[in-house]
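The chain below stands alone and is given as structure tokens, in the form predicted on its own.
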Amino acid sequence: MSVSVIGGPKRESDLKIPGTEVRKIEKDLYEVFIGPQHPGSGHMRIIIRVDGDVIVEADPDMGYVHRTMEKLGEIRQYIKNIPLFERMAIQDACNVTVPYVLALEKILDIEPPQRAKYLRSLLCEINRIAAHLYGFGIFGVFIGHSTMYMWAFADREVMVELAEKLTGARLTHSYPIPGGARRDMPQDFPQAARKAARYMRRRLEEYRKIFLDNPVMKARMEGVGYIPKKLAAELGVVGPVARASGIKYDARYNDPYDAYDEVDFEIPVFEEGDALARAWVKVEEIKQSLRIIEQAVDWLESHTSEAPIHDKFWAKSPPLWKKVFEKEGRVKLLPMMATMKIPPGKAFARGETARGEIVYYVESTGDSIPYRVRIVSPSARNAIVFKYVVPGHRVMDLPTIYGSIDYFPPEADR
């Protein structure tokens, strides 16, 4: 974190750390403002009150990167909201935008072809692994394990390059569209995906040795940030945070969408509820994502690549792309779907991102822009954990708790 108060200082002068604000609020009790500098707090401020180096109260203060995405979503055309919303979590772009597209498909009453469903699910799992590796890297920095940071960020490139091979973009792919996907799988993609899966399985074993089973790291994580199953349910936390506390809930499993009802995978659940369990959940989820990726490429490879990736809806609508400029071999493409109008209606859709369930409510009045877009993101739901779980821990346990929860401010401050 950006500031640490250790050793139980008793004089206010002992707490004068550059870049922080500390004030005494009662005898032997100090208020410390952690953040919102980045890195460390990740553009979120946590106000803690300490007695010595024991935290007696924690107050998460969000909103430092608020982007007004919901309001912006109501003045942009439907298709233009896809590149907007995926910036909530650019590592996890497809998982963030697929539920929005699902809501639009409900209002339009269209069904994407099976091939498009598999393509979207394939990219979602590639993004999920990349997002988990990103989280591991930040977690490593927070608790002083620089090797974990370097390894995870380097291995993340394997998944980023795989996504680029599929979509043409490293991060913000804008891949799912109402009724399908933007492009098909390249011919050599299955070979690259299987190679990446074999590599990641080997690396996860190395992660176990150097990080999860490392005695020093286990001492930092085991029993820290304990969230009982009952408390997790009452707070409404989602994703790995909930599953590490024994709650078996995953939108892909409980409310399947796209190809998730046709692929075989498991939902890793742990009962310990501490920081170590939350780290293990992510490792096991990466393994399941690798299974889904292999099944998806097997299906796509065994079925003809000439199958449609867009719903027949586009056959009776303006063309998906219109050539408007051609000179000296250069072609400029204009997305005609930007002007599409969606009939009046309301729709609700959910999906499972790397950090948990994301929910969209979309309301249309028949115009080319939404009347209302409401988003409930997983980090916004998980942030409340800090208030209830941090008190009672020492100050240097706070980075461990923060890193294990994998809170992502741009996603919460949507």
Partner chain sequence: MVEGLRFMKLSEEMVRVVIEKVKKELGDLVKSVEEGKGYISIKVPLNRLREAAVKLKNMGFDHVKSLTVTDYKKKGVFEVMYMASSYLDEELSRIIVSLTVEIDRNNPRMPSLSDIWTSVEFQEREVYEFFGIHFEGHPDLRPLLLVPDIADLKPLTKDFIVKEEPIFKS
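Positions refer to the first chain, counted from 1. Since the model is a prediction, treat every value here as computed from it, not as a measurement.
Beyond the structure shown, there is the form predicted in complex with its partner chain, which is absent from this document and is the topic of what follows.
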Is V237 close to its partner chain in the model of the complex, meaning a heavy atom pair under 4.5 Å apart or at it? yes
Given that its partner chain is not shown alongside this chain, does V54 nevertheless sit within 4.5 Å of it in the model of the complex, heavy atom to heavy atom? no
Does G63 reach its partner chain in the model of the complex if we count a contact as any heavy atom within 4.5 Å? yes
Counting only non-hydrogen atoms and a 4.5 angstroms cut-off, does D28 reach its partner chain in the model of the complex? no
Partner contacts for 241-269, taking its partner chain in the model of the complex and a 4.5 Å heavy atom cut-off: I247, K248, Y249, Y253, N254, P256, D261
